[in-house]
Structure formats: structure tokens, C-alpha cells
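Only one chain comes next, encoded as C-alpha cells, the form predicted alone.
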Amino acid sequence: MTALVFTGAAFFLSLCTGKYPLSLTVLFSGNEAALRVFQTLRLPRTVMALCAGFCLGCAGMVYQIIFQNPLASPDIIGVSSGASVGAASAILFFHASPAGITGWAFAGALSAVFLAFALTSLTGQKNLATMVLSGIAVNALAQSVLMMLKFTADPEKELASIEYWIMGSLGSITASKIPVPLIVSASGIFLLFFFCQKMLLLSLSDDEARTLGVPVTLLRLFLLSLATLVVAATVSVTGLISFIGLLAPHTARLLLKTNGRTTLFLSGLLGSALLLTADLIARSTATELPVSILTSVLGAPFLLWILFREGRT
């Protein structure tokens, strides 16, 4: 309940805070300039922050359960790096519009995941260790391609655009960018909640899960594909946003001491609260900061705390 209230408060403050402050009084007075700012800038940005944080929080929990690793994230199978390569390619070779960059980032993220799955299949060993190694290989390949693209980019125009996208920002969100990623993400999140109980069985060993009648490999690939689709749809619009998928699930489990649909929902809710808060702070500075800077400032100490905590247990 506290998380719901905090998220609601952050949502309301996000609607009101910015270079052009808004209030209920101004909005209800019929001020045209205020209504235009609210409808075209403030509301789409706030809705996207709410949805993106929820998606990243839920997806982070799915990755951690499936990989049985408290530090698992979309980077494990190359989602973030693939999206970066797609966005950089769109900026460098096609001078794409924001909508075009979104589409290319989405395609890049999915391509990286399919490549990781294909490498896993080629090895003939469809276990967690092989998936992780395949993901690391794809991530390294994508990072190499990204560095090459950045090296050939125009330092004054293209390179700046690529770096800004990689740092993540909600500043360019408009209503026209929301529908497609929202529909894709919502569909994926619905299915993740639907299969949540079966997903929890993947936290057992493969042999134990199979004795319970779970098609381990098929279910793991299906749920990873869903979580990846959710993340890809999100970051294709917002750019890369760090640590939300790591922070939110851990905090949810610390609060509830269990896994399940309630924990999955709380992970999403905390993800929304974190991203709304980070974006609120980002736009309150003299020069608006990329939101990933603030999520990283929050996430790095938390990651160190997890490492020390795991080392003592």
C-alpha cells in the first residue's frame, strides 16, 4: 500500500513539475498554454515513465528467477547492447526520425536475443550456463559494433545523438511514441503474470522441475522471449535505463520475503516509483540530466550492498 501511495504521489508530482510548472488550478482555469504543455509533453512523459518503470521492474524479476542469479539483467542476453546498435545504425546511416530510431532499436534488441538463442541451440546444451555465455558473446559483439559505429560518427552531430540515446532520457517522449510500445509491453506483462506460478518452478533445479511436469527448456525460452520483448519495447522509446530491473525486484523480495504474483506486481510498482522519481529529479536540474545517470547513482551503491551481503551469507 505504501508503494502504491508513493508511486501515485510521484506520478502527480511528475505531472506538475518542470520548466513550466503546472497546478490543478491553472489546468481547470482553461489556460490554453498550460493545457497544451500538459497534453503534449507532461502527460505522455509521465505515463511513459510509469509504464517503463513497471515493465523494467517486472522483467528484471523474471530474468533473476530464470537465471537463478540475483544480478541478472537484460544485459545478460544482449538486449541493451542490441538496442544500442540498432539506434546507432538508424542515426548514423539513415538519419532516421525519432520514430525510426525507436523501430531500429526495437529490431536491434530482438535480433541480439535471437542470436543468443541461436548460439545456445547450436551448442546442443540448452542450460543456463550456455545461455549466459551466449549472451555475453552477443553482448561483446554488439559493444564492438557500437564502438565502431561511434568511431565513424560525426563528432558534432551523430556521435552526440548516439551518446544521448545510450544515456537514456524521457525528454523526447510524445503521445505518438507511446501506443505501439505500450501495447507490446502490456501484452507481454499480462502473459508474464499469467505464467507466474509456472515461472517460479524454474527456480528449482531442472531435474526437480521436470519431475513436476514442467517443460523446462521450452518454458524458459518462452518466458525469456516475453521478458525480452517487454524490455525491448521499453528501451526502444526511452533509450537505455540502468539498474531499474536490478533494484526493483530485490527491494520487492526484501519487503515481502517471497516470490509470486504479488512480488512481481510490487517489483513493477517499485520500478515505476524509481523511474518517476529519477525523472522528476532529472528535469528539476538547471540542465536536464539523462535519467540513467540518476538511476545509476541509486543503483551502484545498491549493487555493492548486494555483493557484500552475498559475501557474508
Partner chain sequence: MKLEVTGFSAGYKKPIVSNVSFTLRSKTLTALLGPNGCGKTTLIKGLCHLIPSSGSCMLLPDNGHATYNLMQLSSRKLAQRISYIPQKSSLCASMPVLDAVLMGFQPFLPLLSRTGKSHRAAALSALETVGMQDFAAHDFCTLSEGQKQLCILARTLVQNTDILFLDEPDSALDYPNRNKILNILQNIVYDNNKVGLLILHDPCTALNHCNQLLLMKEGRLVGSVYPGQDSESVLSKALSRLYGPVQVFRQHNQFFLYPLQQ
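Residue numbers count along the first chain shown, from 1. As the structure is a computational prediction, the values presented were derived from the model and not from experiment.
FYI, the form predicted in complex with the partner chain isn't displayed, but the following is about it.
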In the predicted bound form, Leu212 touching the partner chain (heavy atom, 4.5 Å): yes
Non-hydrogen atom contact Arg283 with the partner chain in the predicted bound form at 4.5 angstroms: no
Contact test in the predicted bound form: Phe93 vs the partner chain, heavy atoms, 4.5 Å: no
Distance check, Thr174 to the partner chain in the predicted bound form, heavy atom within 4.5 Å: no
Contact residue in the predicted bound form, from Ser144, Ser205, Thr123, Ser97 (heavy atom within 4.5 Å of the partner chain): Ser205
Partner-facing stretch of 253-261, 48-56, 240-248, 269-277, counted where any non-hydrogen atom is within 4.5 angstroms of the partner chain in the predicted bound form: 253-261
Heavy atom of each of Gln68, Phe194 and Leu201 within 4.5 Å of the partner chain in the predicted bound form: yes
